[in-house]
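The chain that follows stands alone, in the form predicted alone, written as structure tokens.
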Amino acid sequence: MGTRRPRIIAALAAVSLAAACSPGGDGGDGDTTGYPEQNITIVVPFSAGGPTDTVTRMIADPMAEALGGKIVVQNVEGAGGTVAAGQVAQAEPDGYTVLMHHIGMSTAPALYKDLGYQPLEDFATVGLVTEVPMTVVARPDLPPATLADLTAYVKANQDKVTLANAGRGAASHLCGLLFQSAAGVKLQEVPYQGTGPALTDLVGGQVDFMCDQTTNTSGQITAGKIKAYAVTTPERVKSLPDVPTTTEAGMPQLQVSVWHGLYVPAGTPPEIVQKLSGALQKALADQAVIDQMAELGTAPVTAADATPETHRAHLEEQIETWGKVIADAGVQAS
């Protein structure tokens, strides 16, 4: 994640400050030597089978092994991830309820007037996990052959073309907003409870096109079940070498990737946060995880990025960035 150099510098400063202020090496006064003594639940705010769920299940077992416990993955869908986030914010801050969320954690404050929680106040960051490219994909029989053709097609058929997403604030929704802005169109959006069911309907031809993460689309693209127009990153994705970037395809404005991170409720003992972060770092260094992510067009972040300090710095920057984008787009979720 080379674009995060300023944030890494800030994170290192935060680490140094924390070390200077800490009275001891374990980061807290509580006795957590037995943690975990029960199952840990990682809450995923989207449907099973979707990209965030896929990433979570990749790291769950290696993290559990590193912690010497068991991790259960629970899917809690609704409202672009805010239902699950709200539940975790209110959970007991004991390290047994963890949230896996993506870029939506940084967009929610701008999208929702009555959010019910504040990402920087009601959560402690554990560490970043991965940054996933997105793809612009369509039902296999949609006529356009290239991204330029798709742009012309949607301009000529604005009242007919359907753009699927996983709900307001979801990564697919944000990517769709950027596409519409770049193309100068306003399309009929079809929200789903997660990109898993949206992709199913795309394969079945019930909707025309969408943006979705490579962790969800790579297999469908290579199998020829959906049509791929572009990846939304500066460089091509290794798992999809024949799919051009949006810049190559003539839409450089459409640049977005989806970062994921782990959170616990604010007030969770620092030593537990550090144990979770250490387990995350070990999981991301696991060769099986590295290989699985590579097959889906992504990679684990570095150990330096999988820390509470770097994660928080990135969250702060992303809240500011997306706040401006969403305000300019005039988008509001109920």
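Quick note: we count residues from 1 along the sequence shown, nothing fancier. Being a predicted model, the structure only gives us computed values, none of them experimental.
Just so it is clear, the following notes concern the form predicted in complex with D-malate, a form of the same protein that is not shown.
For the chain shown alone, P119 is not a contact residue for D-malate in the predicted complex, no non-hydrogen atom being within 4.5 angstroms. Under a 4.5 angstroms non-hydrogen atom cutoff, D-malate in the predicted complex lacks G176 among its neighbouring residues.
Using a 4.5 angstroms limit between non-hydrogen atoms, V126 is distant from D-malate in the predicted complex. Proximity of G50 to D-malate in the predicted complex falls within the 4.5 Å heavy atom cutoff. Highlighted residues F46, A166 and A171: every one comes within 4.5 Å of D-malate in the predicted complex, counting any heavy atom. None of 232-240, 190-198, 249-257, 89-97 except one has non-hydrogen atoms within 4.5 angstroms of D-malate in the predicted complex; the exception is 190-198. Shown without its partner, the chain has H102 as the single residue in segment 95-130 with a non-hydrogen atom within 4.5 angstroms of D-malate in the predicted complex.
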